[in-house]
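Single chain ahead, written as structure tokens, the form predicted on its own.
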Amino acid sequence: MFKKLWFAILLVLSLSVAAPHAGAQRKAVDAEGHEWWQHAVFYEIYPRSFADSNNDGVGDLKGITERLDYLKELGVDAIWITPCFPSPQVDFGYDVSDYEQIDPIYGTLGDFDRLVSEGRKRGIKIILDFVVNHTSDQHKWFLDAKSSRTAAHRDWYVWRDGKGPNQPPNNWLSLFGLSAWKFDPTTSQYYYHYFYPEQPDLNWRNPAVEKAMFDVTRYWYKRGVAGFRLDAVDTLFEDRKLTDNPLLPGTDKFGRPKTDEKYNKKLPEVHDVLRKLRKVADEHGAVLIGETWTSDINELKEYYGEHGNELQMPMDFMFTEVNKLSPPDFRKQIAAVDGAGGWPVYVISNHDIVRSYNRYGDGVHNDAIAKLMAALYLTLRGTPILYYGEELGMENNDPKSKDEVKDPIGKLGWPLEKGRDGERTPMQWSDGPNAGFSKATPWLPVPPSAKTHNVATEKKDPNSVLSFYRQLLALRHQQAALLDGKYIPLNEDDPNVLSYLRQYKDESILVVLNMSGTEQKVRFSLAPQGFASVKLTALLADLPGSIQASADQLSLAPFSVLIAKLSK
């Protein structure tokens, strides 16, 4: 049996690699009831850094519109744009001063409408980043709230007296290195901010806040938005009594005592709001993606909702925390989320996480490892979210000194905390000045690797990371087993090679990933899956000559990939 199987590999390997594909139009719901977002490939764009149309050194909405054809050719179905609303830019858009406009640095509402329209022509939906936990301290609601203790919007935020002179109401800490309370001398009270002082938390216990924020989503749905990524949902509610958080051993990266944030994060009321937001989304056929940091699978399951009525797409950040090429660790995490009862959502990088190219790369085989990771998160059951530049093998370009830091968290925590500038550098379009991003000096510098890892250069190289992503995404759109098939782990005791089947009706696809730096020999017994004898057709392999057949075993070069279709 195995001689025939591996002979089949050799016959078809060089003939059946998928060609680059422009991406497929997806129906909103298919004949079997699959929602559009289940079959979509999402792509996160940090607008400051993606494409600069007016050469001021900062990306903008027109720049994104001009690059839609690139995204279409890559195989992207939906783009998530991090906040582009008016903002003082203290936290680069996550401090919103107006939820129903576009910040002038990014363009106008007209530019946004054109982006939606041009995206629709290409089958690309637009997802906005909705900052639900807090506003900017320059938002009109907060400006009114701080004007007096009897202001109309006073109870739209969390205000309290201190415990005593120069003593905040409790021991809660801001994520960004400060107390979570700031004293406002105008009214002699403290206001609560889980993030920066310039980001006061909204009081979601106030029905007026809930109504206003739900109306924001309706406003954007009417403008053609297909859904929202919900920022910082864990922190929407705080304990009414403001109970001190318990102390934990040790100190954090800012040198503060560690605390267990049980009284200001993940309170049960969060789920009440998510269910209501979901009702509004369902009225518009929209999707809700959650920034859901969880410590175990049971926490993640809660965000789907007991009846599947909260978030359709809570992100599995536990997957990003497997920060080594470890088949046993990945198997464990994949099995957990695959069995959670909802639709899995896979990410390997984003604007707050060091790029996957750095986290998994060994400094020698980084391109091969980038392809390996792509083959992993793009062939699993679920919906993937790519971070811009991941398809190029973009790497972090961290600040070299404190005076180079733009991210406030890096300024506060240097040198133990360098901030997030490194993973937010401009998209690398060419090997020209500033990587083709802008004729002006970019707001963040591009790394030297932009000379080799950029769109123009990699498009010409059939073995580049970009070419591999394009072929893989084409395959994903073409193969029903990759879209809807069951995930079946294979060879679960193998410490070096991660293997699994995706099975849908009468289709079966085998994925084999050598996560080691040495050649590995693998045998498969597929009889339990109904294959007494097997014909195998290779669909995609990352390295020419990386697969060698010998007798009844498969020889895999270091960090190599094989994706193949099985037939009896």
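Residue indices: 1-based, along the sequence shown. The shown structure was predicted, so the numbers you read here are calculated from the model rather than taken from an experiment.
The discussion below concerns the form predicted together with alpha-D-glucopyranose, not included here.
Shown alone here, A232 lies within 4.5 Å of alpha-D-glucopyranose in the predicted complex, counting heavy atoms only. Contact annotation for F176: at least one heavy atom lies within 4.5 Å of alpha-D-glucopyranose in the predicted complex. alpha-D-glucopyranose in the predicted complex comes within 4.5 Å of a heavy atom belonging to Y94. In the predicted complex, R420 approaches alpha-D-glucopyranose with a heavy atom inside 4.5 Å. Between alpha-D-glucopyranose and the residues H139, H134, R355, R470, the one pair within 4.5 Å by heavy atoms in the predicted complex involves H134. Exactly one listed residue, out of H271, H351, R154, R122, brings a non-hydrogen atom to within 4.5 Å of alpha-D-glucopyranose in the predicted complex: H351. Per the 4.5 Å heavy atom criterion, alpha-D-glucopyranose in the predicted complex is contacted by stretch 194 to 202, the sole one of 237 to 245, 194 to 202, 161 to 169, 279 to 287.
The single residue of 263 to 295 lying near alpha-D-glucopyranose in the predicted complex is E291, the criterion being any heavy atom within 4.5 Å.
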